[in-house]
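Presented as structure tokens, the chain that follows is alone, the form predicted on its own.
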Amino acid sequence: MSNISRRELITTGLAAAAGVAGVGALAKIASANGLIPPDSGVLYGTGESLTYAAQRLLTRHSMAQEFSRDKISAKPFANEVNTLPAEFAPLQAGGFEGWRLKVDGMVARPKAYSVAELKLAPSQSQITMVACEEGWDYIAEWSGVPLEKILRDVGVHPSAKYVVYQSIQPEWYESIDMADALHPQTIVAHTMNGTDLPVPFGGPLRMRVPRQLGYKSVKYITRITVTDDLKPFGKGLGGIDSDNGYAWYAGI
């Protein structure tokens, strides 16, 4: 990524507000810095590209707000999920002993982690908010393994650009760029409010990406794939939600 000052970005942003020439200048900055999201070609792609580029250049290392324990929601809302596949019930009945999180793609050492292995690994806890695009939210304490530690364990190829994560629900997948994948608050969560992650909230394993809207925190994850190209996944737009018209980058 080339160097760019906050002053340059802000000045160009003001120009964008003034007209088409400014938008073109911002687009050039985004392209020069390799900040073109996978949904840049959709109807509102220009706006998605500019939002993503501005967020990455200005807030790449920012932290999602963390809350005190007294702010944890008394009744967190578990949104409805599609019917889980038949193999989920026997896995749940067996205490998820047979559940595996496979990590593959552009890595030196593909692995499959059991839930027990992840629970024994060094973990991180955070009290953060799940904010849904539908307007509801709740605050909970999440504990799990930082995704960065998993990626370091498998040895990510230097040219990798994205991490794709897949639910046991075969159609349900999302992806994030390496900035969010390596961010210290991005975790594979296995615990919620001090107990095993409840099934309605994505147990046994859920991705938590607190710097983005809730739909990026996919439930029931079974596979993580490191890649430099999102075209082979779904419609090539980076996730089931962007395949269906939502923004791929959903920063908050």
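Just so it is clear, the structure is predicted and the values come from calculations on it, not from any experiment. Numbering starts at 1 and follows the sequence shown.
Below, we refer to the form predicted in complex with a small molecule, which is not included among the displayed structures.
Asker: Counting only non-hydrogen atoms, choose the one of 79-87, 143-151, 176-184, 94-102 that falls within 4.5 Å of the small molecule in the model of the complex.
Answerer: It is the stretch 79-87.
Asker: Although the small molecule is absent from this view, report whether Glu117 comes within 4.5 Å of it in the model of the complex, heavy atoms only.
Answerer: So Glu117 does not count as contacting the small molecule.
Asker: If you check in the model of the complex, is Thr128 within 4.5 Å of the small molecule, heavy atoms only?
Answerer: Taking the distances in the model of the complex, the answer for Thr128 is no, it never comes within 4.5 Å of the small molecule.
Asker: Is it the case that Pro210, even though its partner is missing from this view, gets within 4.5 Å of the small molecule in the model of the complex, heavy atoms only?
Answerer: Pro210 lies outside the contact set for the small molecule.
Asker: Although the partner isn't part of this model, could you tell me whether Ala112 comes within 4.5 Å of the small molecule in the model of the complex, counting any heavy atom of the residue?
Answerer: Residue-level check for Ala112: no, no contact with the small molecule.
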